[in-house]
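Just one chain follows, in the form predicted on its own, and it is written as structure tokens.
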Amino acid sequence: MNSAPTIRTAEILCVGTELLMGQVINSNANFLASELVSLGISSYRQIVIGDNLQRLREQIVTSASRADLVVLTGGLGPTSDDITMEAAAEAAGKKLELHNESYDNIKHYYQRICRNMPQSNKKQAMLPSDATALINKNGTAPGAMFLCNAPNLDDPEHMAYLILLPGPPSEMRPMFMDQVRPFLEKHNSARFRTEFIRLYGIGESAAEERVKDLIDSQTNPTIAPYASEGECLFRITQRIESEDEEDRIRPLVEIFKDRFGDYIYEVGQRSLKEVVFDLLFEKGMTLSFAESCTAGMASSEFVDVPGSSKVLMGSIVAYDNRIKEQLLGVTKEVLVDMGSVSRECAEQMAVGCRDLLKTDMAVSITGIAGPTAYGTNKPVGLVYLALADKDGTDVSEINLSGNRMRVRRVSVLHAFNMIRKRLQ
């Protein structure tokens, strides 16, 4: 496939009736679109299609005639409704043949997990004869890359790549990054360099207003704002025409730093919790959590970071007032006079947690997540957080909007940001 045509445009096809029915969130399209644009490949369409052989085959032919690349995810399993490889082969006019290396990999996978391989899994090793097989290191379904003749009115000799990837993100993403992305880097006509600026503590509208002049006047690099729950992100992308082209991103990053200051927690790829972990690890410090309304969500989020056990010593879910009193040392006077959702309670929770678990730092979270305030006169969304370390205790009050899950999630982000600001 090294002599194949240049890739400029792409379409993404996500296969699965479960996607059409809303049973599974389509995170694959988001990931693939982001990766393609970073490679300078224009992705014009994202299509979700069910497990129907005829409709899928027709869509592959249509997409291949419009684009240089069609990336498909899902439908590579061993069951009868997994028809993506068959449909793609038919669309390209190719026959499926047993790919012995892929078949051996599937058998070895089952040997590793000490199970007998079901005969139905042999289907997953049936690939078009001239396809490049993509090794699946995290599951059984191999991926495949091959060319498809896809003439159109403008080019009767048009050809497109078909790249087939498994549906589970834990299998698809590493396969794309390790095997597909390096291939695409060699076969597209442009190079793009991208930098991400990540902020916490400022709203999307306010953030965009601060750099509106830059966005309005953008050419190359381009600036794209994004917002997620509790956070803001700006993507700065420069189109690279030659290897010795000047870096136009760095001056923009410096302008962003001047305008946003401490709101910026990362220039790069790390999430807020990853930044916090790195800061704690670099300083050789240990951490613990005392959680009420978040009920373990902060510690659960933190342990998603590889190596977190080197930093996080433990967590106490003190949902009931008796636990706050008996384990964390919150006094009866505070619980009666101030309530469990109060500055005083948050402070005593953090101090008690640090003393009990013997950590360098402890963070507490207590609040009213909703949907009701259960008889108190305090509003839903009121949350107190406290951070205790050798230098004392800081308490923060936040008032959040949204449903119960959003209140809890943003409270966790705020806890991480408290740690970041203390350590920086």
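Heads up, when I say rigid core I mean the largest set of C-alphas that superpose within 1.5 Å between the two forms. One rule holds for the numbers: they count along the sequence shown, beginning at 1. Since the model is a prediction, treat every value here as computed from it, not as a measurement.
There is another form of the same protein, the form predicted together with another copy of the chain; it is not shown, and what comes next is about it.
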Original post:
Is there a heavy atom of C114 lying 4.5 Å or less from a heavy atom of another copy of the chain in the predicted complex?
Top reply: yes
Original post:
Taking the shortest heavy atom distance, is I49 within 4.5 Å of another copy of the chain in the predicted complex?
Top reply: yes
Original post:
Is there a non-hydrogen atom of L413 within 4.5 angstroms of a non-hydrogen atom of another copy of the chain in the predicted complex?
Top reply: no
Subject >> K390, heavy atom within 4.5 angstroms of another copy of the chain in the predicted complex >> reply: no
Original post:
Does another copy of the chain come within 4.5 Å of a heavy atom in each of L134, F146 and L280 in the predicted complex?
Top reply: no
Original post:
Of the residues G307, G268, P251, P156, which one places a heavy atom within 4.5 Å of another copy of the chain in the predicted complex?
Top reply: G307
Original post:
Which residue among L312, A91, M175, V341 has a heavy atom within 4.5 angstroms of another copy of the chain in the predicted complex?
Top reply: L312
**OP:** Given that the partner is absent here, state which listed stretch (118-126, 91-99, 251-259, 342-350) has heavy atoms within 4.5 Å of another copy of the chain in the predicted complex.
**Re:** 118-126
Subject >> Residues within 4.5 Å of another copy of the chain in the predicted complex, restricted to 313-335 and counted by heavy atom >> reply: M313, G314, S315, I316, V317, A318, Y319, D320, R322, I323, Q326, L327
**OP:** Determine whether the C-alpha of L32 shifts by 2 Å or more between this form and the one not shown once the rigid core is superposed.
**Re:** yes
Original post:
Any CA movement of 2 Å or more for S300 between this form and the one not shown, core superposed?
Top reply: no
Subject >> Large Cα move at E245 between this form and the one not shown, threshold 2 Å, rigid core >> reply: no
